[in-house]
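Next up: just one chain, as structure tokens, the form predicted alone.
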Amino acid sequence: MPTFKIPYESLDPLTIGSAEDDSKVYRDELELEIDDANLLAAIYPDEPEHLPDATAAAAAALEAPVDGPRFSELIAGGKSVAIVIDNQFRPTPQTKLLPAIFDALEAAGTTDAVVICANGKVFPMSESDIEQKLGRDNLDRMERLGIPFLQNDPRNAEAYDYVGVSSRGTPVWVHKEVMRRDVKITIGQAQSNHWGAGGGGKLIMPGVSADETIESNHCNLVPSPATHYGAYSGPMRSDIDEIASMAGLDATMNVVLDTRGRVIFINFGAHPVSHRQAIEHFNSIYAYESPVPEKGQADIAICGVFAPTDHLFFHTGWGCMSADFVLKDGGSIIYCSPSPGVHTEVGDFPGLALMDLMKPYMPATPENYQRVLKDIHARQIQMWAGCIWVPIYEVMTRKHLTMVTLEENLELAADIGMDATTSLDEAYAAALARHGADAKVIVLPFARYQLPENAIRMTPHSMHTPVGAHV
């Protein structure tokens, strides 16, 4: 009977991938024996070697864009520059990427630049978060060059400029410190996800957008069946990219990170072409050939989690929506996530923070999901906070979710009405009891990254093409 290793870790999202020696990153794992007769598939990606010098690779990418002008050409002539980076819950190693940007700014003699965190409606980074995310050397250099660091402040109406209304009816306000710059770039992680894809234009919306813009986009488009894993041309991702184009996003630097947080791919170029290329590269590694057409859907899916950004189930639980593609309705998802929570100067958040918003709608049933949809429509649910728990809840109306987690999360899980245990063996035995000795099992050890190839939708319909986009 083979034994499978299931990642079960939550390293610091601000330090993983930024260590001097990335080879020293450890991996916590659980083990599970699965009988050969039960195994439908075990999907372990074949990851390439990571780049030995991310800073050098970033500098090279800036001057070899996949589309559009070189960065040096974009900023020539004393143009002002907005550099939008991702937040503390994204593992992009900004400490290694920003030096290449600053070198180029200094070479061009740029005197008006800003670095702004695309934290959307997420609580702002603390002082220690900022130093970890950007690095002390970069912060000192920014001070010397007169480059301020800002964070998004979505409820401060005075901080935003009105841009217009997207073709899907989203009213658009974008941070005025971004809008007033001549050149606008983003630096972030590219991966397929349950909104279609992360990174690129997403650092503009919701990253540096106002509350009204974020809520309008999320309320209208998160519940859509066309918003799903890998749906790059789906309505939510298309609206995001259109808004980014409306805001004048010039170019994006995109990194693909392996399951240890190390850079394995980096590019730069015009929005949205460069981001699309990065997503295609991500999919070439982490999308898998679905076993379902040949063997049928699984009865049980075993999912693991990996650092970084797995401190909250609100983030690591994305893989519930990916596993949904290969698991039959009525099946069981076993999700191994320690979820130790987040503890910073700006607040303490338990591992199931924001998932507790499901409680008034539990148990997860189709009838109760109708209540969720009505409350979204009535704006009784804030969809920034619902953009992940609502899709997980919808899956739970059709499938049984068991969380394997730390003991400290069991009390809150019980209060919410979620099935949780500290034992993977116990969760697996219970699932076999539900589905019988002949149950078919699929192992998705990196579920938040993994998706079946037949879920990918990369080609946008003409009406979904972002304004001003290159296609």
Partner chain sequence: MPTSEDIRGATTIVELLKLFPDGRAAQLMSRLAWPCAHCGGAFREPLTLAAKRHANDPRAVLVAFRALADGTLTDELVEEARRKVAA
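Residue numbers count along the first chain shown, from 1. As the structure is a prediction and not an experimental result, all values here were calculated from the model.
FYI, the form predicted in complex with its partner chain isn't displayed, but the following is about it.
Here the chain stands by itself, but in the model of the complex one stretch of 139-147, 123-131, 254-262, 191-199, 123-131, has heavy atoms within 4.5 Å of its partner chain. Only one of 296, 360, 171, 330 comes within 4.5 Å of its partner chain in the model of the complex through a heavy atom, and that residue is 360. Comment: its partner chain is not present in this chain, but in the model of the complex one of 382, 72, 224, 111 has a heavy atom within 4.5 Å of it, namely 382.
In the model of the complex, its partner chain sits within 4.5 Å of a heavy atom belonging to residue 347. The closest heavy atom approach of residue 289 to its partner chain in the model of the complex falls outside 4.5 Å. Among residues of the shown chain, residue 153 is one whose heavy atoms approach its partner chain to within 4.5 Å in the model of the complex.
The closest non-hydrogen atom of residue 103 lies beyond 4.5 Å of its partner chain in the model of the complex.
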